[in-house]
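The chain below stands alone and is given in structure tokens; this is the form predicted alone.
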């Protein structure tokens, strides 16, 4: 197996485990990621952390040898496979965190972009270098990167293939925080800042924010009103408001 899934302190920890290949994304590994995300969705995890084995790379990108000499239709199906698997992160009932412990290039950065949050180690380097091979990103990079850092900065990264270091990534909003070793402990601590709240409320909030990118303000406000109303109907909302009035910590049950 090129992937390891375990649970620690309420978090599912998904580790790309091909350190000899800098955790490059083979098509087999992409399929394993899809199956693992399905498993996480059905678990009681409060958050998902995605990282890479070793200290050199989160994921150095696609396995280039697999991309050579393939029929055009297979190339398209390969892009659609990566897009479909990474899109599963949007539908997870819990938030996802990419822990970038080194290189995050090409498909590796696209996997990180599909996560809700990105934490970067001091040695992290992030880029979409496909242009250097005569290619463009195919697993969502041209769509998610401009939504995150703006069209101009995204085009600069994509058209030049330039990698950005951790501090620049933080400055332009590509990562949420810089973290120091032990990296997994830092990621779990970050997850614990939000994963103690009810999963349904978190799901509704994530959906409202994600749908905002494709909606006008008017339609987005309607989405927010609908999801906010649904949140009021949950047992967790009743418990949260009751606990506030009673001046105690709420006991959320994800219902």
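Residue numbers count along the first chain shown, from 1. Note that this is a predicted model, so its numbers are computed, not measured.
There is another form of this protein, the form predicted in complex with a small molecule, and it is not shown here; the text below is about that form.
In the predicted complex, at least one heavy atom of residue 56 sits within 4.5 Å of a heavy atom of the small molecule. Mapping the unseen interface onto this chain, residue 129 counts among the residues with a heavy atom inside 4.5 Å of the small molecule in the predicted complex. Residue contact check for residue 241: none of its heavy atoms lie within 4.5 Å of the small molecule in the predicted complex. Using a 4.5 angstroms limit between non-hydrogen atoms, residue 24 touches the small molecule in the predicted complex. Here the chain stands by itself, but in the predicted complex one stretch of 168-176, 106-114, 91-99, 145-153, 106-114, has heavy atoms within 4.5 Å of the small molecule.
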